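Only one chain is shown below, in structure tokens, and it's the form predicted on its own.
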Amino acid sequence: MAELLCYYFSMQNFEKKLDELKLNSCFRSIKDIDYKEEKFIIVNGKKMLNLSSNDYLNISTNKDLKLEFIDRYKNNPEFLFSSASARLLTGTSCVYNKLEQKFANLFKKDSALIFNTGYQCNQGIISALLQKNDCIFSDKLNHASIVSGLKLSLAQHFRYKHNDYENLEKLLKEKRNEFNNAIIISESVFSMDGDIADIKKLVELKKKYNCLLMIDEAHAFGVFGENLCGVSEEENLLSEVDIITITLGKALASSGAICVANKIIIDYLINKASSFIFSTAIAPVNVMWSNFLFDEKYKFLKSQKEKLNDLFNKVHLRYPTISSSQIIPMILNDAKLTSSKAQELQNNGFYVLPINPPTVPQGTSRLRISLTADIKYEEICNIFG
């Protein structure tokens, strides 16, 4: 009886918290869709322009690419939908090694390591790399995967004001000498604001205060840089950034994530990063798809990137915000107003969802408009007034 009462009161507590979220328009639910078709999404039979996707190069819904890939590789022995084990258990095949070497070369590093997701990649690196007498300096608006890594790490961490490098240097001056090793961590393109870190300044500070520098290029990979490597490449700073993480699930429309660094760091992660060691590896077919796109469709990827850059540059001229990228925030502050505006846009044929706390800080509810390469400026210009 006591156990039943305990369960009942626990459920009541959960229900109360959920009711609070609903009251504040911050309750999350998974949206049901019918299917996606090119740059559109169909929900309850209604066709809308998809402005909530991270499929920045419009690769994931490209039927011609999909059919070409399947036709060419369906009889390959590595065309498998499951790896069935962690790589440390049953070894690895050439498709994984090929992708890792490709990205090591592309990012001008010694080595690379595939993780299952961008979340596992960032979390695994940060939680493994630094120890009790080390410290981490992290931008306050870094992604939840980075925050999770901070919480799991034995190192002490300090969060500097978003893109405020005076505040970062103040913390470095005060704290750096108290610890053995240190790392500075930032996204390049920030996922909810679309603004861009000053990587040149971060490189300057990492050298001045003897730190490693880790940059998460998740939302920049495929969108910036001559070779699609992101902001670090655009700024000609690939060799100066010690650890770079990218996700394959956004612009590349694949699965998994990759860390590129020197061989010592990669070997250390293979031995210490729990999210790599204890996870069943991503399916070989996904790795083959990533290889296919970079081996055989590289020019197409670059042409899509150029189209996307032209699009968001036009939008920025008409609708200047904090953003300098394909992610355009319309910050409305109030959660209920944001949800209402999102519904209005959906009624008008634009699939935009509200972004409310705790995904973003309190008082900064917004519509996050995510531009993709095949969208025409004329299709969206009216959204921006």
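Heads up: residue numbers just count along the shown sequence, starting at 1. The structure displayed is predicted, hence computed values, not measured ones.
Only in words, not in the display: the form predicted in complex with a small molecule, which the text now covers.
A.B. asks: Quick one: does Y209 come within 4.5 Å of the small molecule in the predicted bound form, counting heavy atoms only?
C.D. replies: Y209: no, not in contact with the small molecule in the predicted bound form.
A.B. asks: Can V223 be called a contact residue for the small molecule in the predicted bound form at 4.5 Å between heavy atoms?
C.D. replies: Because no heavy atom of V223 falls inside 4.5 Å of the small molecule in the predicted bound form, the answer is no.
A.B. asks: Considering non-hydrogen atoms and a 4.5 Å limit, does the small molecule approach S290 in the predicted bound form?
C.D. replies: No, no contact at 4.5 Å.
A.B. asks: Taking any heavy atom pair closer than or equal to 4.5 Å as contact, tell me whether G194 reaches the small molecule in the predicted bound form.
C.D. replies: Outside the cut-off, so no.
A.B. asks: Of the listed stretches (167-175, 292-300, 104-112, 245-253), which one has a non-hydrogen atom within 4.5 Å of the small molecule in the predicted bound form?
C.D. replies: After filtering at 4.5 Å, what remains is 245-253.
A.B. asks: Check each of A218, L129, I185, L99 and return the one that places a heavy atom within 4.5 angstroms of the small molecule in the predicted bound form.
C.D. replies: Among A218, L129, I185, L99, a heavy atom within 4.5 Å of the small molecule in the predicted bound form occurs only for A218.
A.B. asks: Please pick, from F179, F158, Y119, Y73, the one residue with any non-hydrogen atom lying within 4.5 angstroms of the small molecule in the predicted bound form.
C.D. replies: Looking at F179, F158, Y119, Y73 one by one, just Y119 meets the 4.5 Å heavy-atom criterion.
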